[in-house]
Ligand code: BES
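Take a look at this one chain, the form predicted alone, written out in structure tokens.
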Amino acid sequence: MKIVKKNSYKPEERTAVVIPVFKGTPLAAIWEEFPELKFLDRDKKIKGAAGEAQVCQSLQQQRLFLLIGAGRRDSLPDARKLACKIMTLLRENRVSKALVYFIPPDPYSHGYLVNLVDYLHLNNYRFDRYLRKKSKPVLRLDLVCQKKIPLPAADIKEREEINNSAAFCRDLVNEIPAKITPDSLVQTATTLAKEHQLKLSIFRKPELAEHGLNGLLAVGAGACCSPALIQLDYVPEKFSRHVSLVGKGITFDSGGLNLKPGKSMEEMKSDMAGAAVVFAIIKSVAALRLPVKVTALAAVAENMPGNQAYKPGDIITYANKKTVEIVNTDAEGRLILADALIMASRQKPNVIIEFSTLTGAIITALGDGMAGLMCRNKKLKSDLFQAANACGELLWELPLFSEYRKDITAKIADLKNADYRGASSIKAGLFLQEFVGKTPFAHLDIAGTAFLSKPGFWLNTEGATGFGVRLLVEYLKNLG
């Protein structure tokens, strides 16, 4: 979708006009600009509360009008709600081109406008490639503000690039599991490397064995498609910071020999969302040429039962010599992430940030509105919260409580992968902390936010959200 900023407009027939109505907006200013709407003054239905809407048709000019309650001026959450409502109504009315007309006064901050533009893009997305009857997308939006606003055309173009990467992530996660396998993700990474001049390293069975990456080998042993560790590096000419991103890429999670119930498997194609996120982040970083070195590591496997599948009671010895007892094969994500974290820490980045749909417990705790953040480094934690609040991909901190460490230890190995008896999201974070050494580390559990079973409060469709892409691009822009 193309978004264009304008300072004036020429009325055209058959052009849909969206009018955001903020709390406190003098309605007389709307009737002055659009006299054909003055009859709405009788109804007093639009008072500016977020979510209100009035749709009407001008027969004289054959034009559709949408008056939408916009809430508070300069409220970032209200900007997201406004964008969601705009795109929902435009799609419902099968509008492909529209004008969003801001009635003066319009003192909007840069942050407000960025959120508005982002969520207009996000709410225009649909995964409908398998539907014969597809909904009509919005192809162009003109934002008309009579006063100069702090949103240059270059910024609009940058947001389009970032949101294209978020859509790329959403397409990967929404795709059917028959098409997303370790092999297909290796091919995706190969294409990204060619298109964006990234350095690519791929570890399959021989290389995994050579480097002692036994978590991936164990989890992927029952599948017909062998596991992989995929590394992409973006190295600008000048940089002072190196950020390593790690993503969980279980392309389908059956639970392994500890087989999930059928209902619990329905959305398990989304268990590779962490890998999709780090691919999309490095895609954006390369396109924007940010002055930060970024390494993306995706640990990729299918967790399937099979005649060579790993079993409860097995012990995995990792490259850092730590041993892990397998208590439950459905706690596989931390086993493959441990390999990727070891490889990331060996490269001595300034920080490691990891994304994973790791625990169902995080959904019980936080729902689908925010991801769990576990991080002991104050600076890294603060920077991530700042980026999260700016872009609307929200985080909530859970403590890496050291007294809980005893609950992740085993009797016959150094650690165990399950049976933690409460606080399982935190204890899973403590497990991952064991594999990063002294490198500043942030674990983001995105199990609730990566994939929605119903539309969210800022997103108008279920399925993959791309959560984490805009968050980390914002963080990396600030870092650069």
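It should be emphasised that the depicted structure is a prediction, and the values quoted were computed from it without experimental measurement. From 1 onward, residues are counted along the sequence shown.
One more form of this protein, predicted in complex with the named molecule, exists but is not displayed; see below.
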Open item on the list: Partner absent here, but in the model of the complex, which of 153-161, 180-188, 356-364, 213-221 has residues with a heavy atom within 4.5 Å of the named molecule?
Closed with: 356-364
Task: Residues K260, M268 and N328 all lining the named molecule in the model of the complex, heavy atom within 4.5 Å - done: yes
Task: Any non-hydrogen atom of L432 within 4.5 angstroms of the named molecule in the model of the complex - done: no
- [ ] Check whether E393 has any heavy atom within 4.5 Å of a heavy atom of the named molecule in the model of the complex, and answer yes or no.
- [x] no
- [ ] Considering only heavy atoms, tell me if R334 and the named molecule come within 4.5 Å of each other in the model of the complex.
- [x] yes
Open item on the list: Please determine whether A447 contacts the named molecule in the model of the complex, using a 4.5 Å cut-off between heavy atoms.
Closed with: yes
Task: Contact residue in the model of the complex, from A442, I30, A418, L40 (heavy atom within 4.5 Å of the named molecule) - done: A418
- [ ] Just give me the residues of 277-306, first to last, that have a heavy atom within 4.5 Å of the named molecule in the model of the complex.
- [x] none
